[in-house]
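The data below hold one chain only, encoded as structure tokens and taken in the form predicted alone.
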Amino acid sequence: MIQTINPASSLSGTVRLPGDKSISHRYAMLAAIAEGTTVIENFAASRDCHSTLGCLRSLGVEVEESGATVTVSGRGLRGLKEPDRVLDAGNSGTTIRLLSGILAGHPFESSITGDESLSNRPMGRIIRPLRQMGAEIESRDRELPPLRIRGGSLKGIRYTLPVASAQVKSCVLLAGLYGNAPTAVEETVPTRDHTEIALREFGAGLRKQGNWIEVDPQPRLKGRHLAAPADLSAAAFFLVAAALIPDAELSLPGVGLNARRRELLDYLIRAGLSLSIENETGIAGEPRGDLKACYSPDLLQRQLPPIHGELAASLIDEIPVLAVLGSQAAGGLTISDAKELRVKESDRISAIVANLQAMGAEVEEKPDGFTIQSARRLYGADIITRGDHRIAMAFAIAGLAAGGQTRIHDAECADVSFPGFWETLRMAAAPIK
């Protein structure tokens, strides 16, 4: 499917965002191995999260859906059933990596795979620690899916993450629930901590000391009534749009403000965006609040703060749309230490650079990022998304600020994280006729 984007003459209104994808995954998985019933309100509508629900059903978990509310009947820590088919994680790296940690603790054989994109994403980073814990795991060449997992009794380990990855950290912590002793993970670069928060909410024993996060084995997790906040990563597209379209004014209610992810908001404020946060509250350990963003002409008259080191890890999912913003800032933008983008749903560094260049931006690609030299007017172009939802949505925002018509190819991939994105965007943005 091709979506056509025309330049926007205005941008205003209230934008209702889907439930947080990262949190929804974790709530559903922990609900499945908890005792009792869990109700999750505002569950993410994304294809990724429904891949998680599909896998859980194949493992014998009863899951009911009613609109954005999901009810999960937990089977207890060791209650999952051996699946009679290969588990399908779709396009979801979170599903395959986190669920593998849980499967490693069950005494049966299971196989889990995904679509073409996921089948080419590296899994060695979870295979190695799970093998250290005692699981038997087979994979394709180069440690690619499908994964065949024979689990059972695991041992607790102390593991230092070789790369900054919330997914790998979460996989090891979840496997640690099935250990014979506490399991600890060291992360030298902090990553989002939704798993740690959710583990505590369901009743697991978890401690943090310095860079180490330790989880106790054999907990009795209890079902909960929870509500996911609106997805901050989804908000990023509209916040950048507000920074690009003159006189824009957007309200985004109930957005998640997790301390490890609100660096996006801090970054945009440092860059010069007029952004306010109202009605902050905390529910189940996850803060949330209402955002209001307005066009700030001064933002585009300067260089954006460089993104590197720990900041690159914190903003890794938002870099595609921040690159679009950087292409319109007078001083450009430099991004480094973001090699992880090479192994996302696509090689996002290559995709960002190629599509910005197609729209007329001056960009230099580097092994771990890219440099945008200075602002150049963007022009409508054919955007090749490579089936990557964040590339599709980021360049839709570019199209709002470009001259002429922009065509987003394979636009349906946005459903991976944000079903209804195109309708939501059109409701907020008035096109130039």
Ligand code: S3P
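All residue numbers are counted from 1 along the displayed sequence. All figures in this text were calculated on a predicted structure; none of them were measured in a lab.
Unshown form predicted together with ligand S3P; subsequent notes refer to it.
Between A241, A166, A230, A351, only one gets a heavy atom within 4.5 angstroms of ligand S3P in the predicted complex; which residue is that? Filtering the options by heavy-atom distance leaves A166.
Here the chain is shown alone; which of I316, I197, L275, A184 has a heavy atom within 4.5 Å of ligand S3P in the predicted complex? Checked against the cut-off, the match is I316.
Listed range touching ligand S3P, judged in the predicted complex by heavy atoms within 4.5 Å, from 421-429, 19-27, 6-14, 407-415: Selected stretch: 19-27.
Contact of N355 with ligand S3P in the predicted complex (heavy atom, 4.5 Å): Residue-level check for N355: no, no contact with ligand S3P.
Considering non-hydrogen atoms and a 4.5 Å limit, does ligand S3P approach T94 in the predicted complex? Yes.
Consider K344 of the chain shown here, and say whether it contacts ligand S3P in the predicted complex, taking contact as heavy atoms within 4.5 Å. Contact with ligand S3P, yes.
Under a 4.5 Å heavy atom criterion, is H106 part of the interface with ligand S3P in the predicted complex? Although ligand S3P is absent here, H106 would stay clear of it in the predicted complex, with no heavy atoms inside 4.5 Å.
Give, in sequence order, every residue of 189-215 that has a heavy atom within 4.5 Å of ligand S3P in the predicted complex, or say none if there are no such residues. Heavy-atom contacts to ligand S3P in the predicted complex: only R192.
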